[in-house]
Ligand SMILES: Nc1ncnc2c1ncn2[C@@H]1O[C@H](COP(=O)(O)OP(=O)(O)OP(=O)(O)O)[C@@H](O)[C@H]1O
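Before any questions on binding or motion, here is one chain by itself as structure tokens, the form predicted on its own.
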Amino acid sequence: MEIYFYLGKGGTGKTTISASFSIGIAYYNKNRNFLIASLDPAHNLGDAFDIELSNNIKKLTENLSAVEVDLEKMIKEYLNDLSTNLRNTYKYLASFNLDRYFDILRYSPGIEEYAVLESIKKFLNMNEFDALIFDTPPTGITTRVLALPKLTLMWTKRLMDIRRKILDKRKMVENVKGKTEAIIGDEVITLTADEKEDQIMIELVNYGKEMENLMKLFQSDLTKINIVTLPEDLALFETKRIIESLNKFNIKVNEIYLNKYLIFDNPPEVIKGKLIEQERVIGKMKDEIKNINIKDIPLLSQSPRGIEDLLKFYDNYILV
């Protein structure tokens, strides 16, 4: 499954460009099925298509569907799943009030990024789509989401090391006193020292494999990272930071869309300074950013809206 991420700060036009790309790629690949998903809490993907969208997947054309992910709902589902898994894995902690900890966890730093990653994983498990297009949250969140699999894998391996030490200590106790047991209500649970039977180690191993697969997918040629930016100094600085940040995790940027490029034959005096900045930024971008295709997209008098307009935009500016 191919994945296309469109990154950029608010106002760069990433929703319009990702929507246009999804319409175009679906139109010219009628034998494949596509899904475009908005992961941005401030959804306007439906506005771009001029169609009302929700948290439920909606078919736009014969082979293109769209959805606006409800992140608040996704966070609740993520915490509920986490709570269920913990209760099943740590049965001998049933006497603790875990709900109180999950109420606090809801407001923890990073919880939104994990919820976004869970959304991506959910879509990856849908067999009916051949490719996914993601209109992403603000840049900082998205870069952290893309980095999460590698970071989480590092933490998981560390937790596995700690768990092995716990099991080694439990094995030493077993050799002296026999199997360790825990009593929960009327049930007696035997605690194993074998990591192949230990439910916590099994969970860690499976989660580690899942994160490793995601990390490899994000680093592979199947994942296309596209940055939507503007011909301005601050936007150039941010674009370079995105590239440098993703390079640390061996994630490559595929294309840069230099959007809202001003074109004037006889520019009025009031915007000549802006045009000078624009040309300077474009020159620096092409000098300093190598091996990444840069597409110039002019500022239009009106943003494309609706399937027909978005397809024309794709033909004129994205396909070339």
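These numbers were taken from a predicted model, which means no experiment stands behind them. Heads up: residue numbers just count along the shown sequence, starting at 1.
Not pictured, yet referred to below: the form predicted together with the ligand.
None of the heavy atoms of Tyr314 is located within 4.5 Å of the ligand in the predicted complex. Taking the partner from elsewhere, Thr61 is found to have every heavy atom lying beyond 4.5 Å of the ligand in the predicted complex. The ligand in the predicted complex is not approached by Asn29, whose heavy atoms all lie more than 4.5 angstroms from it. By the criterion of a heavy atom within 4.5 Å, Gln278 is excluded from the residues contacting the ligand in the predicted complex. Judged against the ligand in the predicted complex with a 4.5 angstroms heavy atom cut-off, the residues Lys260, Ile297 and Leu300 are in contact without exception.
Contact with the ligand in the predicted complex, judged as any non-hydrogen atom within 4.5 angstroms, is confined among 249-257, 278-286, 38-46, 62-70 to 38-46. Residues Lys9, Gly10, Gly11, Thr12, Gly13, Lys14, Thr15, Thr16 are the members of 1-27 with a non-hydrogen atom no more than 4.5 angstroms from the ligand in the predicted complex.
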